[in-house]
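Look below for two forms of one protein chain, each set out as structure tokens: first structure 1, then structure 2.
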Structure 1
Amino acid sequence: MTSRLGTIHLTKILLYVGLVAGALFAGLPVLWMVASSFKSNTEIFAYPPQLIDDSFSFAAYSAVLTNPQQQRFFFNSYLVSFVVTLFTLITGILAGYAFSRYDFKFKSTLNLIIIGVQSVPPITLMIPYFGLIVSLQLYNSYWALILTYMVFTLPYAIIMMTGYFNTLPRDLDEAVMIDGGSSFIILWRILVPISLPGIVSVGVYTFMLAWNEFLFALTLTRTNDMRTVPVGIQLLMGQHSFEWNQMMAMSVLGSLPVLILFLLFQRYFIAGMSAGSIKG
């Protein structure tokens, strides 16, 4: 009996050792990012390193937040992400409705194409996009980013919206149809209001994808007033010195929107991540 209790204790100890080791592996780098954002830049590589030292202050944060250029990066990121989310939702809801409620020619082919678009490498699209954006005279503008971001937000949105609409009974549509409602009224008055949780989840996930984008923002914008946070953060790597504390403060600030959305909508994020892998 004692040996059995012993093994139970041992597995429990091993479990907690594993859990803590995992937490250090995942969490320590993040903790170090936050700690470094409160240091002065001269103390970043102090020996021996300390989590919190005498130079503790919010100076890096106020430097980032009061710098008009950094403010602009945040403004650009919010603006582009919001507009992309809005357009993606509208387009995705319309397409999801068609996929969920209608049978039409080429439906399965089109579905396959939408899944296929997700596996097209962004770098392959980058070269023609550059030519397209330049010839549309959109180079170095918000529209360049808003338009091109839709290529990776839209497939997810359509797949997720179709899945959500499929869970809603068709009886609802038929009741409205009998009352003489058009198909657009069914969508706008009935399906959209009751799909709000699904729409929020698609919106949150779209916002995150747009917020994190790097390659298109790097290539399709040129001047600092058009840069987004992921690209703008590079500019703190100066020619002479790296402003490490400010880069860490900006990393924390730049991750906050996604972190907050993530904590509030955890389940939806995971659903979004899985949309690409489950449906097919």
Structure 2
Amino acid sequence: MTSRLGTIHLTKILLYVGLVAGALFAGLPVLWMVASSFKSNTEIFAYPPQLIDDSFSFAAYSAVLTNPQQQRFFFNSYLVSFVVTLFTLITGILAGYAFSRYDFKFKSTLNLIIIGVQSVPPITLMIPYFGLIVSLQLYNSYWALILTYMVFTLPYAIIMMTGYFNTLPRDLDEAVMIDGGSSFIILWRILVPISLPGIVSVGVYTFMLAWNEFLFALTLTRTNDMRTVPVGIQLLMGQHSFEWNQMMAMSVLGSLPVLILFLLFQRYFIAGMSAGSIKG
């Protein structure tokens, strides 16, 4: 009995050590990024390194927030991310409801296509999408990014919303129909309000993907007034010098929207992910 208790305690200790090591491995780079954003470029590479030193300053944040070009990067990211999230949610809810509640021709084929698109690595579609965007005369525009991002967010949204709607009893639909309600009322007044966890999880995921995307944002835009935050951070890496402190400050500011969203909606996000993936 004593040996068994000792083994259990040892397992717990090893588990805690592993969790602490993982937290340090994930958290120290973030801590160093935040600390570096308050330093000068020379102090960032000082030896021995110091987390906080005498050069502590908000100069990097001031330079980022007062620079019209970098303000434009943030505006572009917010605009594209919000529009992609809105369109994805509306389309995902409608498509998910249709797949969950109706049987129609080519339903299985469409499901297969959606899953197939979700499984394709985005980088393999770079050249085809570039050619398509150019042929549609959308190159270097917001629509180039919005439509491209939606190709990758919609399959996830449809799969998740279909799975979530499948967990809701059809008795709700029948009760509303008996009272003379239409499919529109069933969806928007009954199912959508009680599907908030699934909708939030899809919205947060979509916003994160659109906000953090770099490769297509770099390829499908040409001028700085169309660039987004991830590309803007890369542009601080000049030919002869790197603005390391501004890169760190811009990275911190670029991380805040996703962090705030997750902290505000983490309960719904986790619940929606669990319901949509397990019961779908």
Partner chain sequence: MKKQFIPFAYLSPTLFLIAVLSFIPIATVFYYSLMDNVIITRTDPTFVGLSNYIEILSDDKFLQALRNTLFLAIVSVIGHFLLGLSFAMLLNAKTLNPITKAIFRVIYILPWVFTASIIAILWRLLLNPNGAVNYLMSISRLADSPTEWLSSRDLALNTVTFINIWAGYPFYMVSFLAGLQGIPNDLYEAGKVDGASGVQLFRFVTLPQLKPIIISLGMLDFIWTTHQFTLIWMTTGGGPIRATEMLSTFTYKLAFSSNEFSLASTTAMVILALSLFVAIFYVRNQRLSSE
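Residue positions are counted from 1 along structure 1's sequence. Under this definition, the rigid core comprises the largest set of C-alpha atoms superposing within 1.5 Å between the forms. Since the model is a prediction, treat every value here as computed from it, not as a measurement.
- Looking at the condition given, the form predicted on its own, one finds it describes the source of structure 2 alone.
- Core-superposed comparison between the two structures: the Cα of residue 182 travels 2 Å or more.
- Core-aligned CA deviation for residue 256 between the two structures: less than 2 Å.
- With the core held fixed, the Cα of residue 107 is displaced between the two structures by 2 Å or more.
- Once the core of the two forms is superposed, the Cα of residue 15 has moved 5.2 Å between the two structures.
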